[in-house]
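As structure tokens, one chain now follows by itself in the form predicted alone.
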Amino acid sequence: MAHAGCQMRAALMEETHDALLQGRGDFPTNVVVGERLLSRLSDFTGSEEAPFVVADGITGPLFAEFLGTRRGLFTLPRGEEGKNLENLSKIYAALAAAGLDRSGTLLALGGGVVGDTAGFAAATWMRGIRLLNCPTTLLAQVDSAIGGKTGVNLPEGKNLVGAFHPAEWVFSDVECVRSQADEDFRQGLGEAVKYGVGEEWGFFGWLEENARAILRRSLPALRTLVAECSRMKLSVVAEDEHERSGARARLNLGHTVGHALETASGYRWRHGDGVAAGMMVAGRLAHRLGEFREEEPARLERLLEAFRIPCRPDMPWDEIAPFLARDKKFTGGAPRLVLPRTGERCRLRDDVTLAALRDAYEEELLKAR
């Protein structure tokens, strides 16, 4: 039966041009990238079991019916305001009312807020149940849906409460992102640029060459974009699933400053925009330390501007500093920063002073004025 299932999935790939990316080593997630996937989940999972669905006020009405039979549907508020302990408690109550036990499946249908919150509910309900993820935003498809990180925010900062709980399957239907508002779509582009600067410079070049097609939301370009980012993230996570060796920290390029901007601004700064600003600061600092050629910060800025992503911080250092100190990579109040390197993978450094980070940040801040 297992062999027959593999044959069926292989035939499906040929007919639909779907991309199937399989987790490596001990990391269990499989990712499917394609079109019209939501009505075909059982073709891949081999299960007709009805899942309990967590969505939001837009993704539920738009996409839930494509999934077929379900055990229940819980609707989260939109945005970061939905990603908190109060809403997590409401999900637990809905799972209890639906009678979902340890054999049940929870399906996250939406963007990163839905995936993170529903994933944490799956990680902790009955000490862990099966999770499927159907990301409907570009940001979730290229990043947050893959890797097993789940969690909710506290007033003190983002993702301070969470757990590692990888989805068994991630279904990235690129048709879903064609209807995203431009401001939402560009949040995923910020993370996509991170993979080019931080992991593979060949992919950075591909982004430069295909920026117009991506902005037009050409389906072939979107399939390549999402599949390549998914491939890179699966590879990194397989090296360091639980962030013990430091390899996975590479995925946090731009996030130290980005998360601080998000939280300090009350989420006026969106995630991909914050990461873009954080990458510019990291690039400036890397150039000062001899890791980044002189022309690279300008090249990075050109690509971000081509994608219409704001990439200059606009808040004084003193306003973001308290939130920087809560970054999980800080130790003893000293930063451990992910910095880009020309032509190579980025790396985590623990020899950069807070004063040096402040100088690079304030230089970028001046350029915004």
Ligand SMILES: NC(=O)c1ccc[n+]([C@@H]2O[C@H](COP(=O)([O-])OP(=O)(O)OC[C@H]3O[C@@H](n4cnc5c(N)ncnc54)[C@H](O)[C@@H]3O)[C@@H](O)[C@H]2O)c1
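Just so you know, these numbers come straight off a predicted model, no measurement behind them. Heads up, when I say rigid core I mean the largest set of C-alphas that superpose within 1.5 Å between the two forms. So that there is no doubt, residue numbering starts at 1 and follows the sequence shown.
Another form exists, predicted in complex with this ligand; not displayed. Remarks below refer to it.
With the partner omitted from this view, the residue of 184, 208, 168, 239 that lies near this ligand in the model of the complex is 184 [heavy atom within 4.5 Å]. With the partner omitted from this view, the residue of 90, 299, 78, 223 that lies near this ligand in the model of the complex is 78 [heavy atom within 4.5 Å].
Contact with this ligand in the model of the complex, defined as a heavy atom within 4.5 Å, is made by all three of 63, 113 and 136.
Of the candidate stretches 334-342, 55-63, 37-45, 305-313, only 55-63 contains residues with a heavy atom within 4.5 Å of this ligand in the model of the complex. Contact between residue 256 and this ligand in the model of the complex is not found at the 4.5 Å heavy atom cutoff. Using a 4.5 angstroms threshold between heavy atoms, residue 103 stays clear of this ligand in the model of the complex. Shown alone here, residue 250 lies farther than 4.5 Å from this ligand in the model of the complex, counting heavy atoms only.
When this ligand is considered in the model of the complex, residue 84 lies well away from it, no heavy atom lying within 4.5 Å.
The rigid-core alignment places the CA of residue 267 2 Å or more apart between the shown form and the other one.
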